[in-house]
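Just one chain is shown here, as structure tokens, and it is the form predicted alone.
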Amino acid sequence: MDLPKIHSITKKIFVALVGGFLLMFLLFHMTANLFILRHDDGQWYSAFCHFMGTNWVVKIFEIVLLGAIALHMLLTIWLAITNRLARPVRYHQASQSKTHPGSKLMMWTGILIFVCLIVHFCDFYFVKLGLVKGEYMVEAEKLQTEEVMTIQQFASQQGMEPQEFVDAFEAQVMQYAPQLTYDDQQEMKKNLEQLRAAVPVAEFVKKAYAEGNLSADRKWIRHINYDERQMLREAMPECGVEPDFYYMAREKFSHLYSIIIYLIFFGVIFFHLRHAFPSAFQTLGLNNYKYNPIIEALGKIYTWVVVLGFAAVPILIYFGL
């Protein structure tokens, strides 16, 4: 198979540019994750996730980000393959150059990061796509439709369950159906169908309030399982059930094995970033002898801040902080 002929330096420049974009995103992602550490029942973090999940600009950015990750990975592999094909015969003696050890491990740490990303996506992002089951939440106000509120009010007054009330109401109105005009009968049937469709939602809301599955500000109904999510999406497609990333993060990082897996992940990221930061400047021709020490120092600061910022979340959650 013949690969397209693009100069090696061109591929390196694209890798550096896409890598720089990913470096900025990592800093943003790390900062957002720190919201999880606030003891506000997830109000800040849930509001952030709600914005990120509903804003159309962010949705476009999400596609760009996934494309950037794929492009960065493919370009790096392509570059490694073309470099190997350019020199099929290896040196008889190992090179004694002072190449940073991280440079020789970049492709391998990148592959490990990709594998870890799949695990991370299974824990969180794939839950958003509905490919993996998780915990969900919904804005309480969006479930309070006219039909749901009617069922709640009258069922409560008569000491009935929502389904019992709708069955009794249907039996009562059907007695008067023969006396109604055709148009009134059709309107009545339409209203009954809407009430019947709202019964599962009314039962869900009643159960959620009884069990106290509300956020501190009572804005969100939480602890929704996958089956309840499916029911709400079918009964009320516009209600916007969302993954409860705050709860899932706190639940996941309460287990030691999850902490170990993620700390290994962050360790691999550390070695990758340690070389990636100064390498991007070198590839783009933005370094020189005067500024190299500054770039090297900024690279160290960036790497430690990002990795420690990410690692702090699972560690502090595990210790109950």
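The model shown is predicted, which means the values in this text are computed figures rather than measured ones. Position 1 is the first residue in the sequence shown; the rest follow in order.
The same protein has a further form, the form predicted in complex with a small molecule, not shown here; the description that follows concerns it.
Peer 1: Can you check 138-146, 162-170, 73-81, 119-127 and let me know which stretch has heavy atoms within 4.5 Å of the small molecule in the model of the complex?
Peer 2: Contact-bearing stretch, as computed: 119-127.
Peer 1: Within a 4.5 Å heavy atom cut-off, is Trp44 in contact with the small molecule in the model of the complex?
Peer 2: Trp44 lies outside the contact set for the small molecule.
Peer 1: If we define contact as a non-hydrogen atom of the residue within 4.5 angstroms of the partner, is Glu62 a contact of the small molecule in the model of the complex?
Peer 2: Flag for Glu62 set to yes.
Peer 1: In the model of the complex, does Ile36 come within 4.5 Å of the small molecule, counting heavy atoms only?
Peer 2: Answer yes; at least one heavy atom of Ile36 falls within 4.5 Å of the small molecule in the model of the complex.
Peer 1: Does Ile69 make contact with the small molecule in the model of the complex, using a 4.5 Å heavy atom cut-off?
Peer 2: Result yes; Ile69 sits at the interface with the small molecule in the model of the complex.
Peer 1: Which of Ile295, Leu284, Leu26, Ile261 has a heavy atom within 4.5 Å of the small molecule in the model of the complex?
Peer 2: Contact check passes for Leu26.
Peer 1: Contact check in the model of the complex: Phe245, Phe265 and Pro314 versus the small molecule, with a cutoff of 4.5 Å between any heavy atoms. Do all three pass?
Peer 2: Yes.
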